[in-house]
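Have a look below at one chain only, the form predicted alone, in structure tokens format.
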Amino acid sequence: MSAADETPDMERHQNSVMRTPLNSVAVQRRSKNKSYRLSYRNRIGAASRLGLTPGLTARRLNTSRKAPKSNKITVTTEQLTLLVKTEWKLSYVTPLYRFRHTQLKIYSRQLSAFIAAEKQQGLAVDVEGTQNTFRVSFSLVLGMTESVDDAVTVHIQIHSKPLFAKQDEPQKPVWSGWLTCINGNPEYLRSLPKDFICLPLFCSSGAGGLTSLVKSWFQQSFDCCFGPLEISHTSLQWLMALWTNCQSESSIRQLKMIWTLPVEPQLQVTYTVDAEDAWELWSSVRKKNTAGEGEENSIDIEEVMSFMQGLKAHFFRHFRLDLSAGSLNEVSTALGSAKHSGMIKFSNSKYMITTLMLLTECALLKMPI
């Protein structure tokens, strides 16, 4: 896939005057931030002119990756509960300028004030069934890293009271989001100027109006840009293979695919394969494990493509429909689900790191250079 295919239009923040001043530091920072952004772009641009883009030399997905394994995530049970069993909308975000993990309490107050000020300006931020007052909390998700270069994951919640809540009834979460970087390309991460933090994958769940406000605040505060992160056909196939590979340790129950075929009227096909049948096919296309002692086994793109061809051939034999002519829109197993539109759900925390590594790679590739 070409770089043009991988890079959609960005959700650019407006250059108009901020309607809601965050604080004097934020306003002053904008006036002198141009040199930092130019420094960042010049470093990237210089490498590109030499044919070497830091950390993103190929502008395509890796053709080989580690076979998934049950990770010992040190994240607390309470924090894991916030991440699994929820369907997240994916976005990519460019590096954050002068974001500090030690300032989360300040950011909580600033974003709360920002939302309140936007409401006063007449912006509709209503959430159905809740009162129209919101409180924001930022927190760190410690243990959600794969390499020393990964920045610590940041979780955000917006709270509000139910519409007819009693006066002493506590607020409840009405929106959640988090920024993360799992096994980001070290060459790229180390090439960034020191004032930039890279958390390229943004996951959100909740009212679209609140999502837009959170993005707007980040853009104004840290001079970043957000863009939609779809999950490409190739990435969906990778997830199918990676999840099926886990069958020997944790049952995937079934492998379910939803395809769309270009006929009139459009035909949607739901293709479900029993876990053992999927495992048998996957085992038949797996190459012999050549990993030495202490080394990790890997999965190659050729194996993924062979697995997909086997699934298509089986379907054609039974229904005389060629799925190659269609588009793969959704895949799911007991470990999780993913949609081409950019939705992901983690159903088993043991293997979510493997999935997040792929999504982080996709987010980095989406970012404009």
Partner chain sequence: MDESKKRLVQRLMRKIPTKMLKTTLEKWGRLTGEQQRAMDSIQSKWALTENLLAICEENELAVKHLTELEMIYMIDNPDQGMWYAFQLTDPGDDAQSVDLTQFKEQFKSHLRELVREVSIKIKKHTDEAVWIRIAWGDASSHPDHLKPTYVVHYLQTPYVFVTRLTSKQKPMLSQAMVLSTRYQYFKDANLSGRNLTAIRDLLMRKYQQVFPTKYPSPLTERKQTVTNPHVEREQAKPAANRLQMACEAFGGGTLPQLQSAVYKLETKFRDHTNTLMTEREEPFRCVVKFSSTNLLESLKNCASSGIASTPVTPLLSSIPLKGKNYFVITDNGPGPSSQMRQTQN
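Residue numbers count along the first chain shown, from 1. If you're wondering where the values come from, they're calculated on a predicted model, not measured in any experiment.
The same protein also has a form predicted in complex with the partner chain, omitted here; what follows describes it.
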Go through 344, 304, 331, 311 and name the one with a heavy atom inside 4.5 Å of the partner chain in the predicted complex.
311
May I ask you to choose, among 266, 77, 103, 248, the residue with a heavy atom within 4.5 Å of the partner chain in the predicted complex?
266
Please name which of the stretches 145 to 153, 256 to 264, 84 to 92, 183 to 191 has residues with heavy atoms lying within 4.5 Å of the partner chain in the predicted complex.
256 to 264
Would residue 280 show up as a contact with the partner chain in the predicted complex if we use heavy atoms at 4.5 Å?
yes
Partner proximity in the predicted complex: residue 140 to the partner chain, non-hydrogen atom cutoff 4.5 Å
no
Contact of residue 274 with the partner chain in the predicted complex (heavy atom, 4.5 Å)
yes
Taking heavy atoms only, is residue 285 within 4.5 angstroms of the partner chain in the predicted complex?
yes
May I ask you to list the residues of 236 to 259 that have any heavy atom within 4.5 angstroms of the partner chain in the predicted complex, in sequence order?
none
